[in-house]
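The chain below stands alone, shown as structure tokens; this is the form predicted on its own.
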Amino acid sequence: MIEKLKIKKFSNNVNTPKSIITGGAGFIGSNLVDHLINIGHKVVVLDNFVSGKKSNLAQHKKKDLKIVKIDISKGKNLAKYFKGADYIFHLAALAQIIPSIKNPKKYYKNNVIGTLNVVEGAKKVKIKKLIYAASASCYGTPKSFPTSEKDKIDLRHPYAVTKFIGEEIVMRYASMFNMPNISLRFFNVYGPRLDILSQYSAVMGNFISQKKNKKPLTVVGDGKQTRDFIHVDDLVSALVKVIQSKSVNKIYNLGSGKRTSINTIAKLFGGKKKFIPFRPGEPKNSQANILKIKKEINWKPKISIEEGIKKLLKR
């Protein structure tokens, strides 16, 4: 369970905090909805339900949660949904590499135009903070580990390009219009409600599906490549810490800060393994330098990979 964080900042606020979450019916978004409602927020979810599921939000009462079915890439005026909101969490995006190569225009429309519409809408209303879900894919194949926010940007595919352009829009608006914006570069997120097709944790998604169907775990290459896996509970606690903080106009890595090999993940899942050819263009290693967010936001991850996978397999 996510720990209950005390929101001291809200104690002087007569009104109940209100949060908007784009993509709130998805894997990460729905986990964030759970936590925000748990700490007393009213939540409005904007989702087109292409990948999000209504079942992810079914446990909440209508008095706490409002759901709006909308495609933000088509929404010319999102400001009307943002009125009275304290916080906007922009999580909505298309998030797979291969489809982005096959259909870059679709990814541009969803991830770039969608983000522009959200930021334009937020600019018209008075909010306390806008959080953008950026991607660690902007680092491409990093040369140094752990990789910090100052490391080289290396965009290898349309998905990475569109997510980085989205970040640029969010941060330029922050400086040009004095908006309270934050960009968080997500690494490999996993946990309950993980979409098996999700780019955030493709390995975990595949292994969950294969374990469920009693098939061998497909390990790419020799399995020695590493990834930085962060449990969604830790990620959500970071999102809440960010809105509590005074930090604005900043970019932060959001990962566990640790490297775990694919062979280790396969061992924790258990069962037979099947090795398949290495896919070109994928980074050999991934590890977030999280010193900046730990220091400035006073946050640190708490769930080990062993504990996280154990929780995952219990469901």
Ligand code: UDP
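Counting begins at 1, following the sequence as shown. The structure displayed is predicted, hence computed values, not measured ones.
There is also a form predicted in complex with the ligand; it is not shown, and the following applies to it.
Enquirer: Looking at 118-126, 85-93, 100-108, 221-229, which lies within 4.5 angstroms of the ligand in the predicted complex, counting heavy atoms?
Expert: In short, 221-229.
Enquirer: Would you mind picking the one in Q244, S237, N188, S73 that has a heavy atom within 4.5 Å of the ligand in the predicted complex?
Expert: Selected residue: N188.
Enquirer: Among the candidate residues I182, L78, V161, V203, which is the single one with a non-hydrogen atom no more than 4.5 Å from the ligand in the predicted complex?
Expert: Answer to the contact question: V203.
Enquirer: Taking heavy atoms and a 4.5 Å cut-off, does I262 contact the ligand in the predicted complex?
Expert: So I262 counts as contacting the ligand.
Enquirer: Hey, in the predicted complex, does K63 get a heavy atom within 4.5 angstroms of the ligand?
Expert: The answer is no: K63 has no heavy atom within 4.5 Å of the ligand.
Enquirer: Does Y132 reach the ligand in the predicted complex, with heavy atoms at most 4.5 Å apart?
Expert: Although the ligand is absent here, Y132 would stay clear of it in the predicted complex, with no heavy atoms inside 4.5 Å.
Enquirer: If we define contact as a non-hydrogen atom of the residue within 4.5 angstroms of the partner, is R279 a contact of the ligand in the predicted complex?
Expert: Because a heavy atom of R279 falls inside 4.5 Å of the ligand in the predicted complex, the answer is yes.
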